[in-house]
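As a starting point, one isolated chain is supplied in structure tokens, in the form predicted alone.
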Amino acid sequence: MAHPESVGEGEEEHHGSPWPVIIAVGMGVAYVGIVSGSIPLLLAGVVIFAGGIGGWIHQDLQRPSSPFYGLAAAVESRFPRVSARKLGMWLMLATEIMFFSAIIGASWTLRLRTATIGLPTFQGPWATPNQILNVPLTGANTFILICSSLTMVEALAAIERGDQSKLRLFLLATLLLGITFLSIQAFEYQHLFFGEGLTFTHAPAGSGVNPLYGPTFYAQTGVHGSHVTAGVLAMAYVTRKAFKGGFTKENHEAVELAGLYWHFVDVVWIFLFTIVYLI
């Protein structure tokens, strides 16, 4: 928490905002929708989440005098040399690691158990690499996401040197690469769902593939895609701030935090690509 003396006369601390709570509620509703299989509940959660993100960004953009401006000012924590926001980011990523581990582990367990004991209503082998999925296309998409991590590294290095022009260039490049990744994934989903017939409950007709292949595929890649979407929204926010001159060589924590999250989703995708597409 910021110390009272760090807030000048007439400045208002960025506390008491309802938007983080609304974001959390949206995420909770969406996850309940995923677990219960309720599409309306999932869509309602997504709408609440998106509204919360938009409201929080709008609120911050309207308060340039706030010490929270640009999410850039470091706030002290009880740990030496670690700001409260950076500590919060690391704690969030730790929970995300457990979350993805649970999803990947559950999917892998289902794959192994159906292959060894064959549940009565879920019989059939898992699809082999490239049998249903387009491995070359996704491999190219993986390369795009890896390149976005490199541009993010360059963006942080640029602002650490005080180079505003390269900061904007590399942030914009990262944003565009992230959008490209999501666009290719959306194209893949459309082709698999409507073209190949891989749905949440059925495998492609005549393929003999286990019906559980579809839901585990969409659960793993879909949850990751939602995290990339959140990263793209954060990147759009940081990029807009950069073009408005919201970061300096001395004050750019938001760029670092966005970079930490972006690298995380990149690393997770490398594991998912290997497990889902190549094994």
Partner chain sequence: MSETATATHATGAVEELKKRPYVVVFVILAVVTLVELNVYSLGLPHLEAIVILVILATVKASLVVAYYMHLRYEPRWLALIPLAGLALVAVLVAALTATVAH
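Just so it is clear, the structure is predicted and the values come from calculations on it, not from any experiment. Residue numbers count along the first chain shown, from 1.
Quick note: we don't show the form predicted together with the partner chain, though the next part is all about it.
J.: Of Leu176, Leu169, Val153, Ile132, which one comes within 4.5 Å of the partner chain in the model of the complex, counting heavy atoms only?
T.: Only one listed residue qualifies here, and that residue is Val153.
J.: Mark Ile184 yes when one of its heavy atoms lies within 4.5 Å of a heavy atom of the partner chain in the model of the complex, and no otherwise.
T.: So Ile184 does not count as contacting the partner chain.
J.: Test of understanding: in the model of the complex, would Leu112 fall inside 4.5 Å of the partner chain by heavy atoms?
T.: Output for Leu112 is yes: heavy atoms within 4.5 Å of the partner chain.
J.: Can you tell me whether Trp19 touches the partner chain? I mean in the model of the complex, with a 4.5 angstroms heavy atom cut-off.
T.: Because no heavy atom of Trp19 falls inside 4.5 Å of the partner chain in the model of the complex, the answer is no.
J.: Look up in the model of the complex whether Ala205 has a non-hydrogen atom within 4.5 angstroms of the partner chain, and give yes or no.
T.: Ala205: no contact with the partner chain in the model of the complex.
J.: Is the partner chain in the model of the complex close enough to Phe143, Cys147 and Phe273 that every residue in that trio has a heavy atom within 4.5 angstroms of it?
T.: Spot residues vs the partner chain: full contact, yes.
J.: Using a 4.5 Å heavy atom cut-off, which stretch among 217 to 225, 249 to 257, 235 to 243, 51 to 59 contacts the partner chain in the model of the complex?
T.: Only one stretch qualifies here: 249 to 257.
J.: For the stretch 245 to 268, I need every residue with any heavy atom inside 4.5 Å of the partner chain in the model of the complex, listed N to C.
T.: Lys249, Glu256, Leu260, His263, Phe264, Asp266, Val267, in sequence order.
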